[in-house]
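This document opens with one chain alone, in structure tokens, the form predicted on its own.
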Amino acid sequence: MIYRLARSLLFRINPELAHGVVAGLMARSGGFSPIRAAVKEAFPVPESQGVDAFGLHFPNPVGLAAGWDKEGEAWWGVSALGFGHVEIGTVTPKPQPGNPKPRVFRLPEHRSLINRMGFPGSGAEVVARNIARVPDRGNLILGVNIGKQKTTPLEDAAEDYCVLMEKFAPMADYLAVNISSPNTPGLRKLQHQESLRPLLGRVAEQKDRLQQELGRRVPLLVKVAPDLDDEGIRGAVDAIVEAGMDGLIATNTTIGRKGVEDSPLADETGGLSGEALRDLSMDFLGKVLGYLGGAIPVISVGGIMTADDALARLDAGAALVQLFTGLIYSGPGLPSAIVKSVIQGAEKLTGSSNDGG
């Protein structure tokens, strides 16, 4: 009830400004222990057995997707809502303004968003300093999503990713290579096998070098788009597995407009997220898991609006789920609701397996 009122007020202002207000509040709460404790008390998340994936132990299967905290300022505050992991970014090597405003659009009748942000941010140095302000994050898993500079030619993209790996490997639990945003010109071409193989070969070399240097393995995941056809999915999966990547994130936003054709905002360019993406992302997950055959774990993201949506992804075989637009429309209690549902489902399964010997 309280969130519905707050949302109605926030929805009266520009969506990017509204997000900035909320992120600012969460950034401040993260730096003030009593407020963070109050948030945790308001949205309690029971302890679960957690999830082992990519060589890491996640306290629960629910994460915050990249894009929510691009600058690494609010992640510690928002983690109090019960997330088991938070993914910062997308971060680029140097500062860049992103695309011209307005660049975020709400489609409330479809519980969806369109954005064409274009990786705006202050650059790697600033984000690294922001992350370092939290010296002890307990058992929270922190990921950093990395992307190429808009001005970097595609043939040189690997250098941007390697620079970012060098910067964030010492402070991140995992890194995610973003080659799937529709809002950086040409970026999605890197998903094609002829471009993806050499790119991942180069970052795999950097990953091995950093492992030797740091004395620990920093898992490297690849985030892909839901708009790949079956041949494209298979090609991307093959390249990702052959390069020795640790996991795959499916999916980014879609450039399609299925389900929102009647919206007056449907013609806005950018990536569509939220409820309108749910079926496409679920279908894509099934295909990816089929092609992978269990080779590496998958994080499912895209259109997860309810606890049932999250359970469907986990039951389908995803190791973890991530939220973004669902958090906006369903509210801050969504992570807690998902974890509770996962625990209840596990208890029912255990109980049924013990019945009848």
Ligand SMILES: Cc1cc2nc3c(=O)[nH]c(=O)nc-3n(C[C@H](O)[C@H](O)[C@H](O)COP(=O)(O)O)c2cc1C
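These numbers were taken from a predicted model, which means no experiment stands behind them. All residue numbers are counted from 1 along the displayed sequence.
Beyond the structure shown, there is the form predicted together with the named molecule, which is absent from this document and is the topic of what follows.
Colleague: Is every one of 124, 144 and 149 in contact with the named molecule in the model of the complex, taking contact as a heavy atom within 4.5 Å?
Modeller: Not one of the three qualifies.
Colleague: Quick one: from 222, 86, 113, 236, grab the residue that has a heavy atom within 4.5 Å of the named molecule in the model of the complex.
Modeller: Flagged contact: 113.
Colleague: Note which of 285, 157, 81, 117 lies within 4.5 Å of the named molecule in the model of the complex, where distance is taken over heavy atoms; exactly one does.
Modeller: It is 117.
Colleague: Mark residue 72 yes when one of its heavy atoms lies within 4.5 Å of a heavy atom of the named molecule in the model of the complex, and no otherwise.
Modeller: Judged by the heavy-atom cut-off of 4.5 Å, residue 72 is well away from the named molecule in the model of the complex.
Colleague: Look up in the model of the complex whether residue 58 has a non-hydrogen atom within 4.5 angstroms of the named molecule, and give yes or no.
Modeller: No, residue 58 is distant from the partner.
Colleague: How about residue 200 - does it come within 4.5 Å of the named molecule in the model of the complex, if we only consider non-hydrogen atoms?
Modeller: No.
Colleague: So, residue 65 and the named molecule: in the model of the complex, are they within 4.5 Å at any heavy atom pair?
Modeller: Residue 65 belongs to the contact set for the named molecule.
Colleague: Based on heavy atom distances of at most 4.5 Å to the named molecule in the model of the complex, which listed stretch, 191 to 199, 269 to 277, 256 to 264, 166 to 174, is the contact stretch?
Modeller: In the other structure, the partner sits against 269 to 277.
Colleague: Considering only 30 to 62, what residues come within 4.5 Å of the named molecule in the model of the complex, judged by heavy atoms?
Modeller: Read in sequence order, no residue approaches the named molecule (within 4.5 Å, in the model of the complex).
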